[in-house]
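Starting off, we have a lone chain in the form predicted on its own, written out as structure tokens.
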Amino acid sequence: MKQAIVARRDLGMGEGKLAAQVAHASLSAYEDTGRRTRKEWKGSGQKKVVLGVDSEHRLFELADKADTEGIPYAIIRDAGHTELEPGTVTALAVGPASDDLVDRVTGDLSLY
């Protein structure tokens, strides 16, 4: 079991902003996951990986793929209080789900 969080490199987010967006994505996708899967993921250590892409378009492609695979996912839009314009798409979380399911969507991406 794992969760992949994909963040946009092209935005140049500061470390704190990046951490906040990754946390928002992780929690949002977790909340959309079934109780049994949440329990299994929590019991197995809540494995996460943070990956990067270089465009909003690529995030939406991955979200579409997660949707097709039936994997929980969440797209995060920034509120615009600090570094970014309101509504800027910053991150995508895929899972938690089995490693192989998550890898079907994010397996070709590199670490952030």
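Every value quoted in this text rests on a predicted model; they were computed, and no experiment measured them. All residue numbers refer to positions in the sequence shown, first residue = 1.
Missing here is the form predicted in complex with a further copy of the same chain; even so, the following discussion is about that form.
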So which of E61, D54, E69, E31 gets a non-hydrogen atom within 4.5 Å of a further copy of the same chain in the predicted complex?
E31
Is W41 one of the residues lying within 4.5 Å of a further copy of the same chain in the predicted complex, judged by heavy atom distances?
yes
Hey, in the predicted complex, is A20 touching a further copy of the same chain, heavy atoms inside 4.5 Å?
yes
May I ask you to state whether K65 is within 4.5 Å of a further copy of the same chain in the predicted complex, using heavy atom distances?
no
Test of understanding: in the predicted complex, would G45 fall inside 4.5 Å of a further copy of the same chain by heavy atoms?
yes
Heavy atom contacts to a further copy of the same chain in the predicted complex at 4.5 Å, residues of 94-112 in sequence order
Y112
